[in-house]
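As a starting point, one isolated chain is supplied in structure tokens, in the form predicted on its own.
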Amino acid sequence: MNTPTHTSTQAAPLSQDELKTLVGQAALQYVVPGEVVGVGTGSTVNKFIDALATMKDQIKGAVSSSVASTERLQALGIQVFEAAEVESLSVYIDGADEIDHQGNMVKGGGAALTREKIVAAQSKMFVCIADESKLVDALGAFPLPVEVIPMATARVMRQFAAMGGSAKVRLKDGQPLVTDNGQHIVDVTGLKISDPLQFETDVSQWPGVVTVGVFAHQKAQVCLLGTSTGVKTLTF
């Protein structure tokens, strides 16, 4: 007699896309009804924007950190305000390329780091939404984006080389990528950023640097991390 084979009923691990959806939905609990919400940029934030559409009648609207996010918000019927129109925001919800165990982040893989930092600075709370691959012990493995004024690019790259880093101008279609602000981005590898706050302070002073992609002065207070066992909440 043939013995019946037993098939495992264990659920398959969630994909990165599914984890992003989970944390995007979890971020809704930090949105304050009746207020304007700060919205970041990127694939994880797109999941949050889609979730935000389910409660769009409960909020005044959003301040967005990029043209791409603005277009997505407006397409879903959410009013977008200019940052200058809103005095302060109760919460800013955005992703990260890296986040450490103190809430310091590297951001700018989507080239919107300057506007992201501006909106973060006018927000009372930064909620980072990310999947667990973004959680690191020390920042620096992900190429660090730095927005620069083009005439300063070569000198800024030399300054990073003197620190042991290797900088490259970010290209799009074979030409230097131009940000929403009309500037260029250099991506720096080979750095281990042991003191993110001091590093951000120092590099921000270099002539020609518009914004460095270390968010330590505007670090996260909360991180909603998508893990194989669901959404894990980290507070800093």
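Residue numbers run from 1 along the displayed sequence. Note that the structure is a prediction, hence the values are computed from the model and not measured.
Omitted from view is the form predicted together with ribulose-5-phosphate, to which the following refers.
Check each of Gly165, Gly110, Pro143, Gly103 and return the one that places a heavy atom within 4.5 angstroms of ribulose-5-phosphate in the predicted bound form.
Residue within 4.5 Å of the partner: Gly110.
Heavy atoms within 4.5 Å of ribulose-5-phosphate in the predicted bound form: which of the stretches 41-49, 173-181, 26-34, 196-204 has them?
Every other range fails; the passing one is 41-49.
Counting only non-hydrogen atoms and a 4.5 angstroms cut-off, does Glu147 reach ribulose-5-phosphate in the predicted bound form?
The answer is no: Glu147 has no heavy atom within 4.5 Å of ribulose-5-phosphate.
In the predicted bound form, does Lys117 have a heavy atom within 4.5 Å of ribulose-5-phosphate?
Judged by the heavy-atom cut-off of 4.5 Å, Lys117 is well away from ribulose-5-phosphate in the predicted bound form.
At the 4.5 Å heavy atom threshold, is Ala96 in contact with ribulose-5-phosphate in the predicted bound form?
Flag for Ala96 set to yes.
Is Lys134 one of the residues lying within 4.5 Å of ribulose-5-phosphate in the predicted bound form, judged by heavy atom distances?
Flag for Lys134 set to yes.
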